[in-house]
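What follows is a pair of forms of the same protein chain, given separately as structure tokens and numbered structure 1 and structure 2.
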Structure 1
Amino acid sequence: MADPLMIFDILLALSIVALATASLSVRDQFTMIVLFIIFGLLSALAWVRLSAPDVALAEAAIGTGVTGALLLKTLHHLRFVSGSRNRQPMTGVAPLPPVPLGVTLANAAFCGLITLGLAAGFLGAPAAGPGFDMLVAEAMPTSGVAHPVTGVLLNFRAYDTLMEVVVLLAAVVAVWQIERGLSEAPAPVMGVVWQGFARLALPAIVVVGTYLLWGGAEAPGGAFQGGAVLAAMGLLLLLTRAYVPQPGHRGIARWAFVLGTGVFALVALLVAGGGRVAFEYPLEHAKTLILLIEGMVTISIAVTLAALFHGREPVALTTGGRHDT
């Protein structure tokens, strides 16, 4: 009798491949996005089965949640701009001519060859590589935290994590600098149920997000996952129009974007001295410093993701209100 978990794994793997294929082959954009979101959720489940709960949380919160929301927002915007769901989203973009069958086949053969080559390389590699496990296990007692993933992200390889936060900062600066004019896609009409849901969900989101951040020291979770969950709160506020970004809020938003990067970089630099180099936290303060960094980074991630969802710098609107039509 086969192991029931084995059957589950096989079904999961098949579903993921099927969903990926379906989301690529379906023509309707909305269906495509929904399929992609389900694909993401199942991928998160796959990460759990691979004993990587941190990645699973990140995949669910960022890869599926925030990305799905961004995709749906973009779709909404495209339909608003084009005015009709079946026309080409951008005026002036001609539909692509159909690709000849021969070209498709040649492409398929080429891609197939590459995939086979990569598969051969993958199978030829040692099944359980040496990896960092031993090194991490040895260094954990001096890291200031108990969860190995947090130890790697915030201590051993904190420089990488700092630069990942910088990537997010660069993204929001790049998005803000794109001049989008004054018009804005009208928010979808939100019913009473929505408002009620938001009221119920907001406190829960705050608790879950903060727990993910705090728990990250001992268990799976951390700044990225917590920040993404808190960003969901921002999304709800924006969607229900409980919060409308104003030009006057730009200053504080800028501070919120850079808070994580700034504090992280400052701590990294200021701990140097007395024989220590940058990023070398004194052991007795390591846990405090890591929590401080994580807390600030969580705030920045939450605000930045929400701002990316909003998708533009709030600019002063001309008199006469929004150009919604």
Structure 2
Amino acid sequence: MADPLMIFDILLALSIVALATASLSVRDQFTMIVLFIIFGLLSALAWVRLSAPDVALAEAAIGTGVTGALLLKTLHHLRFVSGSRNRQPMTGVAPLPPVPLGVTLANAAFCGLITLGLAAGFLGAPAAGPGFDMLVAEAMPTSGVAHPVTGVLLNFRAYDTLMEVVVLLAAVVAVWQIERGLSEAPAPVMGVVWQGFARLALPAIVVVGTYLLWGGAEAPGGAFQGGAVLAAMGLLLLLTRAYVPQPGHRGIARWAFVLGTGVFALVALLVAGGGRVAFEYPLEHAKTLILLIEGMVTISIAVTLAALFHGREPVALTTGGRHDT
């Protein structure tokens, strides 16, 4: 008798491939975004089946939830710029000229080479190699936390995590610079039902985000997952207009953007100044320092992702409808 879970895994894998193909080939932008969101949810489920709950949480929260919201916001802006926002059916921006055949073939060739390289690397990898499991397990008593993923991200490979936070900081700086000269599309008007949902969901989001942060030391979770969930609270506040960014809030936002990166780097410098290698935390203070870093990084991630969704830097309006930066 066939294993039901094996059948489920095969169907899940085929569904993911089909959704990826459909999201790349469909012509309607809104349909593409919906397919992308479904693709991300199924990918998160696939990571669960691969016994990688941390990656599944990150995929569901950031790769699907926040990224899907950013794509929808971008589509709303494009429709506003093209003047098609109030037309039915809403088909997005004006059709682009066809891509030259040579460009299409070149892209296909590059994609094929990348696919072959990945396949060669996968087939050439040892089927049951020892990996780094034993090394991580041996070092866990000195990591300051009980969860191996958190130990790797915040201790053994902390430089990688620091660079990920820096990338987010660079992204919001770029968005604030680029969107200064763009027309601002008005936010959609939300109904009473949506506002009622926000009032019920906001407290739950805060609890779940805080739990993911605190529980990350001993279970799946951590700063990126908790920060992404808390960013959803910011998106709800922005969508329902319960919070409207003001020019006077720019200073607070900027400090929040750099808080995680600054504390992360400061801890590394202080540890290195004490005669140790950067991020080689003293055992008696390791958990405290990791929780401090994760807490500050969570705040930065939440504020940064919400700011990316909002887009432009909050500025004052002057006469003539122009923005005074």
Partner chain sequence: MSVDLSPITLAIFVPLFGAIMAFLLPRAASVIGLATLALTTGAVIWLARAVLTGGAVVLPLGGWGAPLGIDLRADGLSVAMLGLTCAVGFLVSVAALDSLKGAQQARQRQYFWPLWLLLLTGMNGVYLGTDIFNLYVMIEVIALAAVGLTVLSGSRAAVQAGLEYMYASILGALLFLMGVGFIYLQLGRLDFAGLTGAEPTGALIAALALMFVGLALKTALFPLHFWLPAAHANATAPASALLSGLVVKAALYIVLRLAQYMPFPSETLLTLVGLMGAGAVIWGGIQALRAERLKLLVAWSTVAQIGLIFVAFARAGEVGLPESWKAAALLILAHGIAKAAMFLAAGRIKDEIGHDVIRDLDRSPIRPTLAQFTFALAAISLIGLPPSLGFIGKWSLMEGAMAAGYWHWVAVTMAGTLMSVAYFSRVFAGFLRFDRVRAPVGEHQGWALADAAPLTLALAAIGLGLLAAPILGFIEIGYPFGVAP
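Between two forms, the rigid core is the largest collection of C-alphas that superpose within 1.5 Å. Predicted model only: the values in this text are computed from it and were never measured. Residues are numbered by position in structure 1's sequence, first residue being 1.
Peer 1: Given that just one of these two is the form predicted alone, which number is it?
Peer 2: Number 2 is right.
Peer 1: Align on the rigid core first; then say whether the Cα of I252 has moved by at least 2 Å between the two structures.
Peer 2: Comparing forms between the two structures, the I252 CA shifts below 2 Å.
Peer 1: After core superposition, I'd like to know whether P203 moves between the two structures (criterion: C-alpha shift of 2 angstroms or more).
Peer 2: No, because once the rigid core is superposed, the C-alpha of P203 moves less than 2 Å between the two structures.
Peer 1: Tell me, please, whether between the two structures the C-alpha of V167 is shifted by 2 Å or more, with the rigid core used for superposition.
Peer 2: Comparing forms between the two structures, the V167 CA shifts below 2 Å.
Peer 1: Align on the rigid core first, then pass along the CA displacement of G273 between the two structures in angstrom.
Peer 2: For G273, the C-alpha ends up 3.7 Å from its position in the other form.
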